[in-house]
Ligand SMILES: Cc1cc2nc3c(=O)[nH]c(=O)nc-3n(C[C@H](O)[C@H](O)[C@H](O)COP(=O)(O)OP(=O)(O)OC[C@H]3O[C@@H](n4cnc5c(N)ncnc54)[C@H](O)[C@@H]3O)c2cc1C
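Next up: just one chain, as structure tokens, the form predicted on its own.
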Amino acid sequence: MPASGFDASYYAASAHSQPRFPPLQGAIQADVCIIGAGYTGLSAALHLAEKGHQVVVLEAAKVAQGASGRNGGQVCVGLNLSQSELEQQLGSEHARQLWNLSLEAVQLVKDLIARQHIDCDLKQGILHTAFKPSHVGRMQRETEHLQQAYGYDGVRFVPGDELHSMLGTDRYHGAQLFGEAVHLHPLNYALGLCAAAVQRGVRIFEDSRVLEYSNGYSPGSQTADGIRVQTPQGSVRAGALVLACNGYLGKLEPRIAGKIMPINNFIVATEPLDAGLAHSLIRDDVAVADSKFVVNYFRLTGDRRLLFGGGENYSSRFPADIPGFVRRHLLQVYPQLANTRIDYAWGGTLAITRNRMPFFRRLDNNLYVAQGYSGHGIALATLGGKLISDAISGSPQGFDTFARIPTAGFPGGTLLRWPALVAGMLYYQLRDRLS
């Protein structure tokens, strides 16, 4: 784990608690085995346990130590593709179903926080800002489309002059304000899900990397012998398996590894800011994400730090100087913070798909996967876990709505996807720089 990873984050430093669970030792049984203790795995575990299933979660490191404990904390409405794009690609009915599920995802996060009494600095509102003047018209048209075709009044278009009174920067030219979207402390949210799952009888094992699994199910058979999952010191026999690994899948399941690309993203948190300065940066305490292909995103934390994410890389290593790597993006937006101290800087790995849409599939009838959230992980992974629970319990409609999205693999599979991605990203970064 790099020194600039999970332990170096503002979230780890401000977590309410960090429970520890033992590694798996010996052979155990469960109805469902889940690999990965991030949002997808914890949500699936909680919802399955509430339905009466016996659940085991295997985590290679610590609970929420991956992207679920390191991200920007934004719980966004919608998907990475606009509804207009989804209608063109998938048809109006499928697009509308996905829109409704995206609204359900945000509401599910809010409901879980309220029902489980999770203290995670929940705040209202996200601004999606236009990085270029050419992006403004598209945002305005999409806002009108959501209002008129979908009857959605939770979004409004913000013209440039009003936006400049809301943010202490002239970097952006207009925005969409999603009033029903929220932002939060992502690690404390994940730990709240963990506590709720454990309270309902879920067994969690940390430092239990899955080495391999074998599936007794065979197509056409009326019975299944179950799945055996092997860790260094133990094994689990279960009727169903959930792969909730996302960017940390590695080579565990080659059939789906080529559908995602792990990439690294980086965040800094400043020193606590004076109340007046914080108000001048983000007047209404909303979160912000811009329309660059490599997105800048930022918000104020509960103790008035500016948390700013910017920049990516596509290697197995983090930059040697993460504060310097991110600071240049921060100062392009807020040059007035040139002398502001950065107290925390960290990176993490997420998974993207070629079309930036989540990848849901059922393999071998009793093996479920949800991954590739492409930056929308808090809402969609929480929902993904619930939809997996529904599917295992006999109600697959929501899961199947996502599973019907066509998802091409990266060219060259896992072997050649890196150079292809880097070439593509460099092209889009160049487009970001051009007006």
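Note that the structure is a prediction, hence the values are computed from the model and not measured. Heads up: residue numbers just count along the shown sequence, starting at 1.
Note that the form predicted in complex with this ligand isn't included here; everything after this is about it.
Visitor: Judged by heavy atoms and a 4.5 Å cut-off, are Leu81, Thr143 and Leu177 together in contact with this ligand in the predicted complex?
Guide: No: none of Leu81, Thr143 and Leu177 comes within 4.5 Å of this ligand in the predicted complex.
Visitor: Under a 4.5 Å heavy atom criterion, is Ser102 part of the interface with this ligand in the predicted complex?
Guide: The answer is no: Ser102 has no heavy atom within 4.5 Å of this ligand.
Visitor: Examine Asn215 and determine whether its closest non-hydrogen atom to this ligand in the predicted complex is within 4.5 angstroms.
Guide: It does not: once this ligand is placed as it appears in the predicted complex, Asn215 has no heavy atom within 4.5 Å of it.
Visitor: Within 4.5 Å, heavy atoms only: does Gly348 come near this ligand in the predicted complex?
Guide: Yes, Gly348 is a contact residue.
Visitor: Classify Tyr373 as contacting or not contacting this ligand in the predicted complex by the rule of any non-hydrogen atom within 4.5 angstroms, answering yes or no.
Guide: Yes - in the predicted complex, heavy atoms of Tyr373 and this ligand come within 4.5 Å of each other.
Visitor: If the cut-off is 4.5 angstroms on heavy atoms, which of these, Tyr297, Phe359, Tyr189, Tyr172, is the one near this ligand in the predicted complex?
Guide: Spelling it out, the residue with a heavy atom inside the cut-off is Tyr297.
Visitor: Quick one: of Ala240, Val236, Ala197, Ile267, which gets a non-hydrogen atom within 4.5 angstroms of this ligand in the predicted complex?
Guide: Of Ala240, Val236, Ala197, Ile267, the residue with a heavy atom within 4.5 Å of this ligand in the predicted complex is Ile267.
Visitor: Among 134 to 142, 158 to 166, 106 to 114, 204 to 212, which stretch sits within 4.5 Å of this ligand in the predicted complex, heavy atoms only?
Guide: Looking at the other structure, the answer is 204 to 212.
Visitor: In sequence order, which positions of 64 to 93 have a non-hydrogen atom within 4.5 Å of this ligand in the predicted complex?
Guide: Contacting residues: Gly66, Ala67, Ser68, Arg70, Asn71, Gly72, Gly73, Gln74.
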